[in-house]
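Starting off, we have a lone chain in the form predicted alone, written out as structure tokens.
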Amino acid sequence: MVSAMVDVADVQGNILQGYRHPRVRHLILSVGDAAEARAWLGATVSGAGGVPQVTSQAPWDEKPSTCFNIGLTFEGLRALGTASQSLASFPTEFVEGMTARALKLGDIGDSAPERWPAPFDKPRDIHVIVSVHAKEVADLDRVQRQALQNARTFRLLGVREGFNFHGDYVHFGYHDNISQPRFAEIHDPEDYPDPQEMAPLGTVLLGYPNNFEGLLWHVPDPVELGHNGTFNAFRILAQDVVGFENYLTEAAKYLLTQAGVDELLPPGAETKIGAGLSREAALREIVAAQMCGRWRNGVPLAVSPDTPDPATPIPEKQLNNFDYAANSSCPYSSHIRRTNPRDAQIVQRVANNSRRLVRRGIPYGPPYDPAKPDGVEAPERGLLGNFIGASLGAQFEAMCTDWVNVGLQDPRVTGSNDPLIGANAPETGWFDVVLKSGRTFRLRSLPRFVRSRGGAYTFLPSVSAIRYLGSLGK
């Protein structure tokens, strides 16, 4: 389904619809020679110069083996020679950059920018983030050589690489990439049924209506630069898999000591959770499901509260076919309900659908194998995340501040953080496991499982905007 409202060939790919390639490599670059960098940009959309071509959202007959896209930081736009009047038209949060917004994002303590490794310890040097999606490592290598063939154009500051090691699962063991905004102008409403309303194009693209009546996000000047562009919060998120699995065990042991645990897991119901599971192991999976809002296989608690394998299997395309009724089985504080409240009653009622983001993520680092524990020098593993929206402040930052790390959407969770991705600390972190009666067991000493290890705010310009930037100075 192709929109007549937007020229999808002018929109960079992986924004309105994902690529779903198994590998990605992000090249973090600094502009070496501004004139050559502008010429390089122009060549990426003109077919000249022997450089990779930017992949647009235009539909293809056959999926390409590689896809190539470009994000620019504010300092990158400045380094390219963008006019001061244009630079002044960009929103404050993008101008300041991710590190300056650390408190809003919960990037404190071990996640603070002062702890980030190179090249993210020098954010002003980061100008361009090139993303290459591919099927094979050899394809990534080939495109990287082609993109950086002239050593004077850019300095390669760093590389971050990810791989879907067992499909759409992340290191914590959850099925991921299930829920995304769907756009009426792009997606077929009959495909992937979801009672949540379709998102307007202005959710992610500049220059189109959004969920706020009568309000359009400002399009940076000139229109050739801003229209059909969007913003991205590129995040490197380390995941403490060992700590997470250990906490599930601790929580299960605690629950086994509580009167009323049979309401959470009736005796003999362990087989509904998984074949051959002990009572403790089954409780671990219940806690994991309540913390996320889905069982690890992606089945939502709102649809199947008692088992990840209901008698009538739920097809992949039906995993978002639910909402949050007044008696929903999904905890108020679960990850998926905090970050996307759907139709649930929340304090900031107008915000239900206004903070939706396109999420593109892929794991990095080796998968965790409990049969082969990490050594003394445990490898880092986590997620390379892209959180894309038309307003970094009103979407990404507002979600992180109000919902993920304060819990302002519901007084029952206010003062707590997202159990999976929030800025928790053992001294203050808590999560309420919900029973069928509505009673709760409060789990305390909830540690932080996800730490920021770098990132940058980037602008994802349209194809015509890349062409415009390539023409500066001519």
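Not measured: the values here are computed from a predicted model. Throughout, we count residues from 1 along the sequence that is shown.
There is another form of the same protein, the form predicted in complex with ligand HEM; it is not shown, and what comes next is about it.
With the partner omitted from this view, the residue of Thr82, Ser329, Ser179, Asn352 that lies near ligand HEM in the predicted complex is Ser179 [heavy atom within 4.5 Å]. The contact residue chosen from Arg101, His227, Arg284, Arg359 relative to ligand HEM in the predicted complex is Arg359, the criterion being a non-hydrogen atom within 4.5 angstroms.
Looking at Tyr247, you'd find every heavy atom of it more than 4.5 angstroms from ligand HEM in the predicted complex. Of the heavy atoms in Thr153, none are within 4.5 Å of ligand HEM in the predicted complex. Although the partner is absent here, His133 is not a contact residue: none of its heavy atoms lies within 4.5 angstroms of ligand HEM in the predicted complex. Looking at Leu301, you'd find every heavy atom of it more than 4.5 angstroms from ligand HEM in the predicted complex. Remark: of stretches 382-390, 274-282, 304-312, 216-224, the one touching ligand HEM in the predicted complex is 382-390 (heavy atom within 4.5 Å). Within 4.5 Å of ligand HEM in the predicted complex, a heavy atom is found for not a single one of Phe68, Arg142 and Arg160. Using a 4.5 Å cut-off on any heavy atom, the residues of 376-400 that reach ligand HEM in the predicted complex are, in sequence order, Leu383, Phe387, Phe396, Met399, Cys400.
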